[in-house]
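What follows is one chain in C-alpha cells, specifically the form predicted alone.
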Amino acid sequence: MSSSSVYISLVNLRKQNKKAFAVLIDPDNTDTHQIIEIAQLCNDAKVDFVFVGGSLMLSNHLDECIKTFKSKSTIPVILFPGSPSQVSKEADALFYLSLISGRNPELLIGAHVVSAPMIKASGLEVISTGYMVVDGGKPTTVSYMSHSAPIPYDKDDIAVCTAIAGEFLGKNVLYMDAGSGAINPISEMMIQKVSSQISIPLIVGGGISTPEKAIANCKAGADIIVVGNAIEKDNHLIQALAEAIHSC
C-alpha cells in the first residue's frame, strides 16, 4: 500500500457520501482460531476496515493477531492503540489518537512524544486522529485510565465545539466513541450536528449492536461505523451489519 492509501480511502468515503464498516478486534479477547473465523466472515461480508487494539492490552500477541488476520484477508488493518506500546509493523496504518475530549495532557501530547520515534521507525502510515469519548451510560476504561470525564450524552454543543477545534488543530479524522458495550450509544442528533460542522471523516463507535442503529448513525452523518463488543458476543452479526451499512 502507498504511504497514504488508507487515509485517502477514508477521505474519499466522505467525498463520495459512501459509508464504511469497520470491525474492531481486541487481541485480549480473541484467540488465533477466532481471528481466522472473523477474517473469513469479514471477507464474505466485504468489511471495509479492521481496527485492532484495546484499552489495556494484557496479552502480548498483537503482531501474531495481525499476521494471522492478514494471512486470510486483504482488508486494511488499522491500529487503534490504547497506549504507546500498542504498535505493530504488521498493520497497514495507525490512528495516532489525541484525546481531545479530555483534559489530560498525557493523552493530548505526552504519550505521543514518547511513542513518536518508535512509530516513525515502524514505517506505518500515521493518521492523526481527534478522539472524542462520549458518555455511554457506564464507566469506561478510557475515562478511568485518562482521568478525564467524557462528553455528556446530551451536550451536543460541547461535542460540536470539540470537533471543530480538532479539525482546526489539523486532525485528519475524528473518532467519536461511547465505549465498549455502551448502554447509550451516541445519539443521532449529536452525530448529525458534529458531522454538519466538519469536513474531515467521522468515525463512530460504541454500543452499536443492531443493523437499525448502524443505519441510523450513517444517515445522521457517520462515515465509518465501528463495532467490536457486539461482534465478540456474536460474530455472525458481521454480515447483517455490513449489509445495513453498505445499503445507506
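Since the structure is predicted, the reported quantities are computational estimates derived from the model, not experimental observations. One-based numbering along the sequence shown.
Not pictured, yet referred to below: the form predicted in complex with a small molecule.
Trainee: Could you tell me which stretch in 40 to 48, 61 to 69, 198 to 206, 213 to 221 has residues with non-hydrogen atoms within 4.5 Å of the small molecule in the model of the complex?
Mentor: Among the listed stretches, the partner-contacting one is 198 to 206.
Trainee: Whether Tyr131, Ala182 and Gly228 jointly form a contact site for the small molecule in the model of the complex is the question; each needs a heavy atom within 4.5 Å.
Mentor: The answer is yes; Tyr131, Ala182 and Gly228 each reach the small molecule.
Trainee: Though only this chain appears here, would Tyr175 touch the small molecule in the model of the complex if you measure heavy atom gaps against 4.5 Å?
Mentor: So Tyr175 counts as contacting the small molecule.
Trainee: Any chance Leu24 has a heavy atom within 4.5 Å of the small molecule in the model of the complex?
Mentor: Leu24: contacts the small molecule in the model of the complex.
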